[in-house]
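Given next, in structure tokens, is a single chain: the form predicted on its own.
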Amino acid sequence: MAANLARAGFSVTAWNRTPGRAPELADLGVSMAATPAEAVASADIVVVCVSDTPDVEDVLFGPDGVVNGARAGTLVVDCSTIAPSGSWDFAARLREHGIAMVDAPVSGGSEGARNATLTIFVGGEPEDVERARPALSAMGRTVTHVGPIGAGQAVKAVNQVILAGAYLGVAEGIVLAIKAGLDVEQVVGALGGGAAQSWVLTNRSGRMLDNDYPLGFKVALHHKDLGIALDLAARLGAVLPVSALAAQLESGLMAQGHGDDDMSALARAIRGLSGLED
């Protein structure tokens, strides 16, 4: 995402919680900073993308956080996936420092981040969203303003709920095809021309067939996101049985040491329950 901002002509200063990551950014003219405060000292727009609500809080408000380096009038664009309540809280606290914020969680996995084809759901004041749009458009193909602050996170929760069903459905279908002795690749090709066609079927069925799950989007991160969605559902009185099942299966995968696998590893759980060898 930082590389795509640089390729789009933005002057980028970056900071990563793990020093030494992404050295290739230097070839694109990206400067590296020692702290978040240093990174944002001369920035008009600050893009944050970390793992969870406490991580965002630390980057923004920690001892060397954004609020200690950013000028009044800076705009924070948070592309992390966190609870909507976190976005509400952080936006209010940033406002006390004269800093605006939009929540802009992304969907599209590592491929989307690399290819600047992410789908981005944005919550915030209209003028702040429009100010952020050029930077967001450098990182994603579809940028949609979905409502006030926190609305982007709510839409991302919906996204993760739908993905849970899609991955489970494809995993079950692949396992059934294997158990039935079918040519699974032929089955996937045939289904791709009908109503069962989906991004997951096209892009992740091969991993499920091979039972090999190189990183795209970690099981552990999707499990965290489902926790946010299930908490939101509980508050609103919505019942999400498929998501609850997916979260349970992911808990089992994480306990077995598969938390860093791509979330298509849900098929590993279905294969195991179906008596297929790992």
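Bear in mind the structure is a predicted one, so any value in this text is a computation, not a measurement. Each residue number is its position in the shown sequence, starting from 1.
Omitted from view is the form predicted together with a further copy of the same chain, to which the following refers.
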Worksheet entry | Contact label in the model of the complex: E172 to a further copy of the same chain, heavy atom within 4.5 Å | yes
Worksheet item: For A138, is any heavy atom within 4.5 Å of a further copy of the same chain in the model of the complex, or not?
Response: no
Discussion item. Taking any heavy atom pair closer than or equal to 4.5 Å as contact, tell me whether L209 reaches a further copy of the same chain in the model of the complex.
Written reply: no
Worksheet item: Is there a heavy atom of L201 lying 4.5 Å or less from a heavy atom of a further copy of the same chain in the model of the complex?
Response: yes
Discussion item. Between I149, V106, V77, A157, only one gets a heavy atom within 4.5 angstroms of a further copy of the same chain in the model of the complex; which residue is that?
Written reply: A157
Practice prompt. Could you work out which of L245, A41, A26, L215 is the residue within 4.5 angstroms of a further copy of the same chain in the model of the complex, going by heavy atoms?
Written response: L245
Practice prompt. Tell me whether F121, L236 and I270, taken together, all sit within 4.5 Å of a further copy of the same chain in the model of the complex, counting heavy atoms only.
Written response: yes
Worksheet item: Which of these stretches, 92-100, 158-166, 124-132, 68-76, has heavy atoms within 4.5 Å of a further copy of the same chain in the model of the complex?
Response: 158-166
Worksheet item: For 186-211: residues with a non-hydrogen atom within 4.5 angstroms of a further copy of the same chain in the model of the complex?
Response: Q186, V187, A190, L191, G193, G194, A195, A196, Q197, S198, W199, V200, L201
